[in-house]
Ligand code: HPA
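In structure tokens, the next block holds one chain alone, the form predicted alone.
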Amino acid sequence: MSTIHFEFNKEDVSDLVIMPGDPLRAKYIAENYLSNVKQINRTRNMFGYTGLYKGKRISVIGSGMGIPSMGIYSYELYKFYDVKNIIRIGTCGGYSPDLKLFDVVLVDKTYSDSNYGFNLCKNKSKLVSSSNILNNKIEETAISLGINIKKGNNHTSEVFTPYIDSYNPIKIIKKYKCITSEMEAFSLFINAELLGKESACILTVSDTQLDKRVISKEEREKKLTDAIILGLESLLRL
């Protein structure tokens, strides 16, 4: 059985999924961290792979950019392919002055003005939680690997905020205690809550208001080593 957005069958995908936004990042993770890799999806160039990480079967599948794209792909994985756990691996902007470029952040809750939840299932929540089960496992794994992570709330924006000249997140920061900003976690968490699944989001800081350096496209695709290893090792321990 395949769906509109995936060409593979249920048996082709693991119930443990790493989900980067960029399909090329999915390709990079599969080729550099998994063995016995099989490409399971090419539809719309949203690349997906299944292979072994230290003997455990794991899938890596892109989500695309934005709440709707993540909403589609994670919903189908949860609903039609019996996926139980999805860890999003992505980049983010840093709201907190304590965050530096390439810091790793574990999202606790994410806030969004999006109507995704209401349109999907009449969920009016604007602040939704990730999975305590997955987050606890990620935190335990980070300690065992010596990877320093920071945990906090996130802002899932529907617009790429650097494009907004007048953008000022101060109200969001104060009211919802957001330390980062990205564009996908909200729909992932909504879908997991709706369908009784587990979701988590590990972010790497790629931009901050205090550091004007610009990270290259190649760095955005490939320089997420700590986050990638943390995600894979956490799934290994489930």
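Residue numbers run from 1 along the displayed sequence. This one's a predicted model, so the numbers in the text were calculated from it and none came from an experiment.
Although not depicted, the form predicted in complex with ligand HPA is the subject of the following passage.
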**Request:** Can you check 114-122, 89-97, 70-78, 133-141 and let me know which stretch has heavy atoms within 4.5 Å of ligand HPA in the predicted complex?
**Result:** 89-97
**Message:** For the three residues 22, 28 and 45, which mark the spot I'm curious about, does each lie within 4.5 Å of ligand HPA in the predicted complex through at least one heavy atom?
**Reply:** no
**Request:** Select from the listed residues 50, 191, 181, 41 the one whose heavy atoms reach within 4.5 Å of ligand HPA in the predicted complex.
**Result:** 181
**Item:** Heavy atom of residue 153 within 4.5 Å of ligand HPA in the predicted complex
**Value:** no
**Asked** Any chance residue 161 has a heavy atom within 4.5 Å of ligand HPA in the predicted complex?
**Response** yes
